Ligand SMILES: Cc1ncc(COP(=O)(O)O)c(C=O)c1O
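Take a look at this single chain in structure tokens; it is the form predicted on its own.
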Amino acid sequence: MATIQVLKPKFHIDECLEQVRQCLEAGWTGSGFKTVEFENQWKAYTGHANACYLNSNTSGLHLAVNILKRRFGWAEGDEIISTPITFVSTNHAIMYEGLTPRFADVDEYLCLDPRDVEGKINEKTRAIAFVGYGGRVGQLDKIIALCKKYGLRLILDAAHMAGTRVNGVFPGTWDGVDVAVYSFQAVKNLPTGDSGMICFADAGLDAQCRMVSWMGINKDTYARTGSEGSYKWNYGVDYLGFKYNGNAIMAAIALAQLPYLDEENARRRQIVAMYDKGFAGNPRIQVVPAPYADECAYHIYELIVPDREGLLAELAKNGIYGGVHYRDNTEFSMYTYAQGTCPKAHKVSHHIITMPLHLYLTDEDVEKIIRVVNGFVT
């Protein structure tokens, strides 16, 4: 019996190999060359004014907190409001800088609930980290309004949002978003081996980010190499930085994948529409909705069911593998200080299941998954 995986990236192999071959022939596999080309193409595709290519979304989230902390003089013990329903890198990035994640509950989209967020704002609050869960925009507009009302910075964790739009516009470019961070990790909608992009609204912060992401050095190696291969060895070090830079091999793969992103996201929406229709008549299944569903990138698709572990086992018996995104972060030992503060997120995290969603799924596969799920959840 052929198995159906929960996530499976699709690579356009010939195009990827051609792009990588250009790196190898040029003898340039580090920062520069293809990384610059991809940054420019990403800006053209998304409408972001600035884009800095990195080795991961996690690095980008850390840089977002680090650079905003430097810019606005945040101190240890200051707080950033965040969600407990996310991969831990969102909240680790806050902790890296000696700040404290203050968790707010989620709404029906499994994004931050603006009502609970406003109730958690206090004299120590400096920013809000909003996760576009599953590619959804949630109530980001209301979160932006809160940031403007209380003078807070906004970090958009757009790890799932490659290709998500609202009325044709990328939410990361909205006025009030200080920085958006994207993921091109191995199973994301735009997959590479692993990499990410950080997009500051402010050009000065982007320039600082470029140095901080490359050990604080004020001229990267590519910029110091002349057109005839001459190497200008002299540079300065202006910041305590990190080695978070992306490399040309991963950028080459991203360049090959980018032209297919909108087409592939459209197929994801077709699969989601089949799921939504298939589960609509089952009163024991709760589908997680998406505002602006016709423009959502849908990295993952989730159901809320009474017996998650039982359904996972039933799916596996039929050669179908589901997943869980995510465990309530306040259950992890380092975040237990916040247990009990987000009851909806806590309850949902024990009942949510991720259905297979990728480009290798056929309509017949989706119909089989729907039959198995409805047959078990009765």
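If you're wondering where the values come from, they're calculated on a predicted model, not measured in any experiment. The first residue of the shown sequence is 1; numbering continues from there.
Separately, the form predicted together with the named molecule exists; it is not shown, and the next lines address it.
- Though the partner is left out of this view, Arg126 does not reach within 4.5 Å of the named molecule in the predicted complex, counting heavy atoms only.
- By the criterion of a heavy atom within 4.5 Å, Cys52 is excluded from the residues contacting the named molecule in the predicted complex.
- Using a 4.5 angstroms limit between non-hydrogen atoms, Ser195 touches the named molecule in the predicted complex.
- Put simply, Thr90 is close to the named molecule in the predicted complex: some heavy atom of it is within 4.5 Å.
- Here the chain stands by itself, but in the predicted complex one stretch of 186-194, 97-105, 244-252, 290-298, 186-194, has heavy atoms within 4.5 Å of the named molecule.
- For the options Tyr335, Tyr326, Phe33, Trp42, the one in contact with the named molecule in the predicted complex, meaning a heavy atom within 4.5 Å, is Tyr326.
- With the partner omitted here, the residue from Thr46, Thr330, Ser56, Asn66 that has a non-hydrogen atom within 4.5 angstroms of the named molecule in the predicted complex is Ser56.
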